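What follows is a single chain, given as structure tokens, in the form predicted alone.
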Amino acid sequence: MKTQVSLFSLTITGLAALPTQGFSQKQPNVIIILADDIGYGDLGWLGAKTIATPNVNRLANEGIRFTNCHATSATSTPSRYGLLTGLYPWRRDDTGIAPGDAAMIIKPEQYTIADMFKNSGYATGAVGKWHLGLGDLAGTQDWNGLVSPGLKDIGFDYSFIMAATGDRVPCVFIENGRTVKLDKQDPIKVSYSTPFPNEPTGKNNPELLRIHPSDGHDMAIVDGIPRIGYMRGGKSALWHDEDIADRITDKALDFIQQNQAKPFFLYFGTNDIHVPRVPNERFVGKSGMGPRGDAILSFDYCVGRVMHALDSLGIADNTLIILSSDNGPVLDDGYKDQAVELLGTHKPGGAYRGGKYSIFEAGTRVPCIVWWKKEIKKPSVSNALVSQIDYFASLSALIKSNIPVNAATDSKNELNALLGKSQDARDYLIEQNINNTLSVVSGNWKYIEPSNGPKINVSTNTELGNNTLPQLYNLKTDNGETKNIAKKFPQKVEHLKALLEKMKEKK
């Protein structure tokens, strides 16, 4: 499926010939669109003045806009784990940022949100960024055969994924457990410890690069871009970075089209706007903010393609979309792409402090829109405290599916809040930064536990929020978390500390 575009044109070749009326059904289709590293202040509906996001704005203007939605974690792997399992990732010690050859973090015996939908008669698909590991053991995957266990073992009928992230090898697409377009005469080899002889690297061969690293990211060179990890072979299967967004969106639309006559669940993890930011030439230079801004335009365009497909197929009214991001924003995240220099007055984290990796609010407070034309007749803004970990139980309630007793035990049914029927949601939620420092947000109060972790992520210049002293902030009067008032309110500190310790003890 090819795309004919001007900047925001949404003419999709092939869809015009598709049926105009969808299958009449009671159960809604559900799509989770999970952006990568898009911050609270990066989108137009949340106040961004220097970037145009008309397609996301359409969802916002027709749905429920959440001002107080949180990912569980300030980094990708644990955040996605929490969303898909309904479990806080800090309960395990193996949910940190996964290398490209990590073993599968969600084990086949775990009950996932995809299992829940599948057991309720839904077609289930995962397209785009994965970053939750594949296979039984780290570093032992058969990239030239069937990578197993895989997504089919945790509830997904169909998958077309990037094994990890755009900046990590292997730089190939995996469809239903097998590398796409692989020439068996040129097998893939991957290592995260030892470079392959005679293979150029970003460190040793900078003359071969079209994008240069600012920190790390100096190992295997793929498509002229240095990555994390070493790789050789698989030349016919390597992706071209400018085409990633189009390729995964094509696959998302294929899944929607093929399953239009029955209820489906699609987990669509976009690559935008994670590094390396290499948007299609359609968007290059259009934002005035360099590759990071241009990648936001790319993300918005892909959202528009999904919306146009649903409209063209006649199934938009009965499709519920949740749009959010896996964690907060980051500027320089390992490549020299002028994200800092061209930022101007734009504030990726909005009014909040920190960003990706941080325990401060910009690390986990993320954009969130719930859109469902059939049920949401009156667009509104919700200030309810909600967490991505609750998508599991809430969607289970929506389709009247039972969750096994020992599954998704941290997820709460907040369906009324998600559909804008109530401003009451969670009493509290827990956030996690890259150092596994935890915080509790309850009402207007936020407590951050003491930590010996570093104050700054030097490579990204991000305040991590770690402090050897307990921290307490009133987010209503101090949303920038500038005044630690722990000494002024010791009883509030003790209350929230006890709440956190109780949650840590919960199994």
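Residue positions are given as counts along the sequence shown, with the first one as 1. As the structure is a prediction and not an experimental result, all values here were calculated from the model.
As for the form predicted together with a small molecule, it is not shown, yet the points below apply to it.
If you check the small molecule in the model of the complex, you find no heavy atom from any of Asp246, Arg292 and Asp337 within 4.5 Å. Contact between Lys251 and the small molecule in the model of the complex is not found at the 4.5 Å heavy atom cutoff. Of the heavy atoms in Asp36, some are within 4.5 Å of the small molecule in the model of the complex. Proximity of Leu313 to the small molecule in the model of the complex falls outside the 4.5 Å heavy atom cutoff. For the chain shown alone, His346 is not a contact residue for the small molecule in the model of the complex, no non-hydrogen atom being within 4.5 angstroms.
Residue Asp215 is the only one of Asp94, Asp153, Glu242, Asp215 with a heavy atom lying within 4.5 Å of the small molecule in the model of the complex. This chain lacks the partner; the member of Arg353, Arg426, Arg282, His274 within 4.5 angstroms of the small molecule in the model of the complex by a non-hydrogen atom is His274. Remark: of stretches 324-332, 301-309, 256-264, 182-190, the one touching the small molecule in the model of the complex is 324-332 (heavy atom within 4.5 Å).
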